[in-house]
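Okay, here we've got a single chain as structure tokens, the form predicted alone, with questions on binding and movement later.
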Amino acid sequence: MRQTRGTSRREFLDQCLAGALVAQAGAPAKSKVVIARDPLIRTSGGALLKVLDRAVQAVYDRDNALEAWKRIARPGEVVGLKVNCLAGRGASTSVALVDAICERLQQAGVPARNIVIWDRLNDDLDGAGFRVATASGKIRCLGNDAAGYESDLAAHGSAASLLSKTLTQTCDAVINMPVLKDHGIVGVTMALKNLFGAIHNPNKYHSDVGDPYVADVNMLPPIRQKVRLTICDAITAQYEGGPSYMPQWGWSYNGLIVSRDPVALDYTGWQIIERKRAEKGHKPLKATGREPKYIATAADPAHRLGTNDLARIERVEI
């Protein structure tokens, strides 16, 4: 800005500051992706809680962990934890992690009766180490096969599905809890892909490496409106052979990846998997025909589910 005649130095500096603030206000906000790690996370409940608290606190930018947890749900809301249990105990959402989240939610004022753990099938939940429970007044845990699906299709773009009644009728807010791992058809499976567990027909949406199906499923209003946070279980990750459990391709990442932006989280997780693949001598996913293009589709102007632009992702490692 050029200083004009008759303008004092103080006024000139004030004008410069005002211009800078306007420019900053017009800039697109960055999506924060927090990666919290600790080598003790798999063996110590205390370490797991500390990692979890640090991550949630960083995402919500709060000085106090409890205040951060209170940001997830309003009083009286039912919070659903959408876990991923397809792969059994080896590569499913950690029971210990879910227990820790349930503990923190209750301390933040969410009563046990307002917490529900859910996935596609009761058998999958049981196989991953969860205990199916439907009694009122306590934390519930059930599959869509028990809760049922809506009778009318929800549709967007290429997707037309019946949605889980747990999502549509029970939950007010959802914490999405995928696992950091490779997927043999669509490249990777994390935040966006985990919501296939909310529909009755995910088998129909795996062609063309899941593009644009994964993005379109996440556009269905109850999914888009209710998912508040993604806490990706990266304690044990898998860089090849997913979504089934293949221990020869797993590694101890010893962390959690947490974000309010599912696209930014998936992009970040994808890069972590690619680096591990390179380290182990595996081809990039693009070279195998499994590049997860649906991540870019989810960020495009027709979807706007988040960002895959590195310039707009704030990666925080703690």
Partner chain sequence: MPGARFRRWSQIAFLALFVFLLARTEFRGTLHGTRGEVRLPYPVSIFLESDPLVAVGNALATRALYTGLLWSLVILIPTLFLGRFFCGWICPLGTLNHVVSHLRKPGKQRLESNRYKKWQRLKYYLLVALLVAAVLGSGVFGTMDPISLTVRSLGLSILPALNYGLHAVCDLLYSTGIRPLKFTADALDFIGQGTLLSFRQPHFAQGFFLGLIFATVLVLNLRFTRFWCRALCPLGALLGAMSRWSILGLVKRESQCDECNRCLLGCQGGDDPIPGAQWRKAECHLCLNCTADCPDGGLEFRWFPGRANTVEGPNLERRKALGALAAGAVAVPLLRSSSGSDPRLIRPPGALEEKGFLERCIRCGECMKVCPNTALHPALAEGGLEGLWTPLLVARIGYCEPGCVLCGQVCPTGAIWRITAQEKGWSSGSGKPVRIGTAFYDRGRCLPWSMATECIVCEEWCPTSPKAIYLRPAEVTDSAGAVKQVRQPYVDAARCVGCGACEYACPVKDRAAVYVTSIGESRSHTNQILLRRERVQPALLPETGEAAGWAKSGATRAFPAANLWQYVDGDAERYIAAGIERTLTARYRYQDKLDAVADVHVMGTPEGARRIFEAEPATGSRAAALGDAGRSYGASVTFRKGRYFVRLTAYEEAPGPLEALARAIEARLVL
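Positions refer to the first chain, counted from 1. Here the structure is a predicted model, which means the values were calculated and not measured.
This protein has a second form, the form predicted in complex with the partner chain, left out of what is shown; the following refers to that one.
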- Would you please decide whether Gly109 lies within 4.5 angstroms of the partner chain in the predicted complex, comparing each non-hydrogen atom pair? no
Whether Arg71 contacts the partner chain in the predicted complex should be assessed with a 4.5 Å heavy atom distance threshold; does it? no
Checklist line | Close approach of Ile115 to the partner chain in the predicted complex, 4.5 Å, heavy atom | finding: no
(message) When the contact criterion is heavy atoms within 4.5 Å, does Val98 count as touching the partner chain in the predicted complex?
(response) no
- Item | Whether Pro178, Pro222 and His303 all lie within 4.5 angstroms of the partner chain in the predicted complex by heavy atom | no
The one option of Ile185, Ala146, Ala173, Cys102 with any heavy atom within 4.5 Å of the partner chain in the predicted complex is Ile185
In contact with the partner chain in the predicted complex (heavy atoms, 4.5 Å), from 74-82, 194-202, 214-222, 135-143, is stretch 194-202
Restricting to 237-273, the residues within 4.5 Å of the partner chain in the predicted complex through any heavy atom are Glu240, Gly241, Gly242, Pro243, Ser244, Tyr245, Met246, Pro247, Gln248, Trp249
